[in-house]
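Listed next as structure tokens is one chain, alone, in the form predicted on its own.
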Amino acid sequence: MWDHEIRAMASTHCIIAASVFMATVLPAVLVPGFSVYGTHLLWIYSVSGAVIAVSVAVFWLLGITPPAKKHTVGYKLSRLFRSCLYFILSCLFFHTVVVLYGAPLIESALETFSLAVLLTSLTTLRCLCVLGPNVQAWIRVFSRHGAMSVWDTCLQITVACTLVGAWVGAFPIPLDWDRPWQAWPVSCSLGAMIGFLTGLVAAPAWIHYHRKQLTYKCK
């Protein structure tokens, strides 16, 4: 049951993971002095852009993105506008949360906002791709027993892994090790990316292993 969807999910995740790899390797070849630590903000936006472009394209081609209720140009533009608005609001939300957790309010504001953009690209964007700009559907999926498809379960796993990775990545920052990856927000963004990639592997594997026990309510 759901073997076709699980295979499609695994293929999608491989493509997205490959885009992360290419967004890290290509700038290192083409941009003099590029490095994950030395030019960290450039790496963040390179990876974020790659994940956004590839995710939107792949989810659209697979037909995972919910179809528009209306086929008028005005409705589609309205939906696109709401998606962009939710993306921007998500960046501001993550920026605020990170500041409340102890990040500098004014100093390093660009670095903090860049981390927020990365977190939005790895989490909120997937919600937009899988569920569309529907906040009620988002709340449903992340409530207890709210998943109604394997893609909902996948969304729960990848988002959780990403956020936990970013949180764990903050632990080494105050330690007096004087390492380049302890600079703000390197360890958090690397932790988020490692968590995201872990979620890409763990989601289809967990769903495949538990596929006989999974039951979903009708939408």
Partner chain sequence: MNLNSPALLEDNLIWQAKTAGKRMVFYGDDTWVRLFPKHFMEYDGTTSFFVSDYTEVDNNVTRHLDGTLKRDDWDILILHYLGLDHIGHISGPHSSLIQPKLLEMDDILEKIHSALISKEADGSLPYLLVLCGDHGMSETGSHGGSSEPEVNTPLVLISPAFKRKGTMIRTPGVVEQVDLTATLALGLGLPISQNNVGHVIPGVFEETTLRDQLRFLHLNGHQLSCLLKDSMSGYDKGGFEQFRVAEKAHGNWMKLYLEGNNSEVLSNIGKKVLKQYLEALAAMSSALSKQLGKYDMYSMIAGMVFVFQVSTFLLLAMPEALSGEAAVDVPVLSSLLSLPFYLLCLLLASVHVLVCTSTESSCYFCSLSWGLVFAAVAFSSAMFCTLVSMATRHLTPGTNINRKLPFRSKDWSLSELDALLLAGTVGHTLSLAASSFVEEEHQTWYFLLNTLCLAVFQDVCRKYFREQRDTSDEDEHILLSKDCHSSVHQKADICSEKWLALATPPFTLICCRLLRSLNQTGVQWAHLPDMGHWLNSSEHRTVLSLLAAFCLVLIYLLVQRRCSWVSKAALALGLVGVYSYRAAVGNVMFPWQHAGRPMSKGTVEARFVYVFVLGILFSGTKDLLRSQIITADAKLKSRGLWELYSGLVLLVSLLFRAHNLPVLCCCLLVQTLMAQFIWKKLHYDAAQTTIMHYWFGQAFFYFQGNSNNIATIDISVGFVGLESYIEAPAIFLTALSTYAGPLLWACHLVCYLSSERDRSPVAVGHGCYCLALLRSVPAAAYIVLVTVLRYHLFIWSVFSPKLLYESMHVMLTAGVCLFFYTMEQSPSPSKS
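The structure presented is a predicted model; accordingly, all values stated were derived computationally and were not measured. Residue numbers count along the first chain shown, from 1.
Separately, the form predicted in complex with its partner chain exists; it is not shown, and the next lines address it.
Residues placing heavy atoms within 4.5 Å of its partner chain in the model of the complex fall in a single listed stretch, namely 141-149, out of 110-118, 72-80, 141-149, 126-134.
Residue contact check for I173: one or more of its heavy atoms lie within 4.5 Å of its partner chain in the model of the complex. Using a 4.5 angstroms threshold between heavy atoms, V99 counts as touching its partner chain in the model of the complex.
Residue contact with its partner chain in the model of the complex: W60 places no heavy atom within 4.5 Å of it. Its partner chain in the model of the complex is not approached by W181, whose heavy atoms all lie more than 4.5 angstroms from it.
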